[in-house]
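The chain that follows stands alone, in the form predicted alone, written as structure tokens.
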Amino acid sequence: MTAPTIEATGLTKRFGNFTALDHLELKLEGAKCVGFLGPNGAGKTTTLKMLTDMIFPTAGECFINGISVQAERKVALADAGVLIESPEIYPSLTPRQALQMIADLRGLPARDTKGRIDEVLSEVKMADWADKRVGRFSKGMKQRINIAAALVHDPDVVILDEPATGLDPRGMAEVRDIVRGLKKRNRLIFMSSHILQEVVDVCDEVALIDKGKLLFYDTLANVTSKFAGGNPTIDVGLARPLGSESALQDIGALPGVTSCTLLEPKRIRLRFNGGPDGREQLLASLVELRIGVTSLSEPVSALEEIYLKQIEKGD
């Protein structure tokens, strides 16, 4: 099976004298979630709209799975699920009816539609609300239906424009959980965001854009290693409080670990010089210590520091 891809070559958009996007060169490949990070007005939504042919580029071209969006729009977008901004759903419709309309527009075979709608409603955790009127839903529930609409034809490329923006904390957490679930379906997810916590929580890689220019694109681990200076920082989540001072010393003695700090009873922060390839061994070593490891992640503070430094550098 060919890996899904998204590519922009020389992508440029000008509105009069204003350059919203400046010769973007970016290629994403494989099943993963890539965060498209940048401040408001950086060019994120403009990029996504050109990737989906909602607006035309001044120069350059976009490709989905190797097919030009500008030259063969219908074919290129056939395997893409898209949620740009937050479309409204007719309040008198139920989720099942709304998704049936999308399935009809997509040309899904009638024999497959009911099963597919049931599946996608379950995927966004709305199966129990399938036959209730959308007008009674919260904003977060409506957004889950919007995500379901992007998935109804089972695409292998999913493009999301700040899907959690404007939601309350519970709604944001629900949307992030759904995006994590999408990663398990061999999909390439390209998700714009200006929320650092969102990118750290759900994304494997990050591309940072500001004032229409791409500043970097890499894995989260490589970004922190390259731009933060010194050894990257890693937060370790635990299922239970760390039992003793000796356990902390054992963690600090692991290969590649240069410092170890207990931030909270169930959270440790490490400095690690083993590089991205050494993270797998680090995780295995931590598991062998039987301290109840539940997660290994880049701290938001590390990415925030890089984010601010790179934005200031571009000013």
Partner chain sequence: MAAHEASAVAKLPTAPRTRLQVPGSVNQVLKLTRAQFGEYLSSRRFVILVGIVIAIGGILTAVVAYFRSSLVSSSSLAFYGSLWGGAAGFVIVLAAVFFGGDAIAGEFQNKTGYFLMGLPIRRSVVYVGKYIAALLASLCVLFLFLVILLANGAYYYGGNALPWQLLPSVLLAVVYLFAVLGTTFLFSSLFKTSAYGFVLTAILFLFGFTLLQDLVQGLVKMEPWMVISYASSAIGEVFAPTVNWGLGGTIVSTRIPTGPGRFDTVTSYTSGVAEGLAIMLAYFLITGVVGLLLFEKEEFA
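Superpose the two forms; the largest set of C-alphas matching within 1.5 Å is the rigid core. What you see is a predicted model, and the numbers here were worked out from it, not measured in a lab. Residue numbers count along the first chain shown, from 1.
The protein also exists as the form predicted together with its partner chain; that form is not presented, and the subsequent description refers to it.
Undergrad: If we take heavy atoms and a 4.5 Å cut-off, which stretch out of 188-196, 241-249, 68-76, 208-216 is in contact with its partner chain in the predicted complex?
TA: Only one stretch passes the 4.5 Å heavy-atom test: 68-76.
Undergrad: Decide whether A59 counts as a contact residue for its partner chain in the predicted complex under a heavy atom distance cut-off of 4.5 Å.
TA: Taking the distances in the predicted complex, the answer for A59 is no, it never comes within 4.5 Å of its partner chain.
Undergrad: Does at least one non-hydrogen atom of D204 fall within 4.5 angstroms of its partner chain in the predicted complex?
TA: Flag for D204 set to no.
Undergrad: Are any of the heavy atoms in T233 no more than 4.5 Å from a heavy atom of its partner chain in the predicted complex?
TA: Judged by the heavy-atom cut-off of 4.5 Å, T233 is well away from its partner chain in the predicted complex.
Undergrad: Is T113 one of the residues lying within 4.5 Å of its partner chain in the predicted complex, judged by heavy atom distances?
TA: Taking the distances in the predicted complex, the answer for T113 is no, it never comes within 4.5 Å of its partner chain.
Undergrad: Flag this candidate site as yes only if I55, S92 and M101 all have a heavy atom within 4.5 Å of its partner chain in the predicted complex; otherwise mark no.
TA: The answer is yes; I55, S92 and M101 each reach its partner chain.
Undergrad: Going through 135-159 from first to last, which residues have a non-hydrogen atom within 4.5 Å of its partner chain in the predicted complex?
TA: Sequence-ordered list: N146, A149, H153, D154, P155, D156.
Undergrad: Under a superposition restricted to the rigid core, does G171 display a Cα displacement of 2 angstroms or more between the shown form and the other one?
TA: It does, since the G171 C-alpha is displaced 2 Å or more between the shown form and the other one after the core fit.
Undergrad: When the rigid core is used for the superposition, does A127 move between the shown form and the other one (threshold: C-alpha shift of 2 Å or more)?
TA: The answer is yes; the displacement is at least 2 Å.
Undergrad: Would V75 count as moving between the shown form and the other one, using a Cα shift of 2 angstroms or more after superposing the core as the test?
TA: Result for V75: no, shift under 2 Å.
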